[in-house]
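The chain below stands alone and is given in structure tokens; this is the form predicted on its own.
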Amino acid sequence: MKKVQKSHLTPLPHSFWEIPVTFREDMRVPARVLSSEPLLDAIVGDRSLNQLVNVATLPGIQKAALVMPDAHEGYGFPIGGVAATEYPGGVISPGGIGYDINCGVRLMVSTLALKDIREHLEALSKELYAQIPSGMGKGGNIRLSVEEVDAVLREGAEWAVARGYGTREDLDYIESHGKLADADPAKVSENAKKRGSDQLGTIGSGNHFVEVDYVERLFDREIARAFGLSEQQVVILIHTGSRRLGHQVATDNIRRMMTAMPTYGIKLPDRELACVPFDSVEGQDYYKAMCAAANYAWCNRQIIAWEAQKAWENCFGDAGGKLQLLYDVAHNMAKIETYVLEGEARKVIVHRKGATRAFGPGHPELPDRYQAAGQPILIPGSMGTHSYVLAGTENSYDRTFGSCCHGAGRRLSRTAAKKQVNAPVLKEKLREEGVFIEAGSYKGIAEEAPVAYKDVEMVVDVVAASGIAKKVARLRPVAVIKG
């Protein structure tokens, strides 16, 4: 199978590049890459674009297979991939959602400025590390029975709020109000439930984190005002997902789909793209289990936010005020949404894997406060580099099925990063630059070093140039909690 070369791509308007449907005879739609030329050089270096071409072969795929500028290779789909399939007869593919179902980002805003907390940063980082369990397989302080796990899978963030982990108002500022109604705990295996019984309120390891940032620069003051952001304001960014429960849901269903595909006459260029018709028994079972795992992830981030508030209060008392939720948005999900295709409004199954929803102003799913501004899009960078707050635009509907990038995107594998990075030296260097790191191991620091990631500034500039989102604020880290 021939490898995609840069010469195979044709430039399109709005920073897109296209691999035509004629590139390979099994493609059903073109493959499109949102990228600048320098970023494209890096993307061509791995398997991302060949994986994107494979996505373009999925039964029922609509318009184009897409990948964002933070693209890198993943399982089946490239990370940064977006694909919409026909509803209800098109396929659903767990590889288009990922193993960490509803991995996502939450941003909490404070009433304090950097000058108010600068002398307390080391203490705050240690307190956050003490309050928020992190690390590979690390359990939290909440232990759930099977019945309680089922309740979390049904209720999502509502479960946490009902037990005092936050307020009812928080739910208005979570994508889908922190709950997908199609969730069915009965479709989640007992093994998955067991693996999730002690994981609530934990961030795990890998690229997951809790980070203290401040607003370094505003790009759009009107939208920033609507989002409640101001210069020098201290904010807390949370990045994690459905932990071991979501991973098991993906594992269970990928195995089942690999066995079921011949029944539906589906042949694929890569077994990692395992899929079945959405309206099949296997498709519905996976979708309902995915929704349940998504609810678990929203509940998890809700409880982590409560733990962050507890750490904040322990450091600053009443003077610190309350941390308010700006927004919580997923970037590993499949959702049923409506878009105009060939002049007709149609429901489609939008797969986003390492891609963030990016709805524009006036969308009915947005909170009243953000109706004029558009949906907040939260783009984390890496330790020691910037993160961004963007706002979605109506252009995203036609160009990317209402989607945007989700971060900087890996440049080096974890193995390569460990070979290149001296973690103790990096930790000390970041400390000298004013960034305090608390982590369970030097291995985690090395794997997530800034050198392992693409330049988030370049990624965000491409997204802004494409017109699918607006730059609102740039955040700079001052404390990072890693697993």
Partner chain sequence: MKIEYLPHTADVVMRVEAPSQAALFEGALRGMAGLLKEGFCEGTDALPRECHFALTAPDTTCLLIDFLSEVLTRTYTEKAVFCKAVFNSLSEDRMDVHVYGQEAGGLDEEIKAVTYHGAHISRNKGNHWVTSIIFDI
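Model, not experiment: these values are computed from the prediction. Residue numbers count along the first chain shown, from 1.
The form predicted together with its partner chain is left out here; the points below concern that form.
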4.5 angstroms heavy atom contact with its partner chain in the predicted complex for residue 328: no
Check whether residue 111 has any heavy atom within 4.5 Å of a heavy atom of its partner chain in the predicted complex, and answer yes or no. no
Report yes if any heavy atom of residue 254 sits within 4.5 Å of a heavy atom of its partner chain in the predicted complex; otherwise report no. yes
Spell out, yes or no, whether the shortest heavy atom distance between residue 145 and its partner chain in the predicted complex is within 4.5 Å. no
Find the only residue in 232, 395, 385, 191 having a heavy atom within 4.5 Å of its partner chain in the predicted complex. 191
Between the options 282, 220, 272, 150, which residue brings a heavy atom to within 4.5 Å of its partner chain in the predicted complex? 272
Candidate site 135, 248 and 410: all three near its partner chain in the predicted complex by heavy atom within 4.5 Å: yes
Of these, 313-321, 395-403, 194-202, 162-170, which stretch puts a heavy atom within 4.5 angstroms of its partner chain in the predicted complex? 194-202
For the stretch 22-50, which residues lie within 4.5 Å of its partner chain in the predicted complex by non-hydrogen atom distance? 46, 47
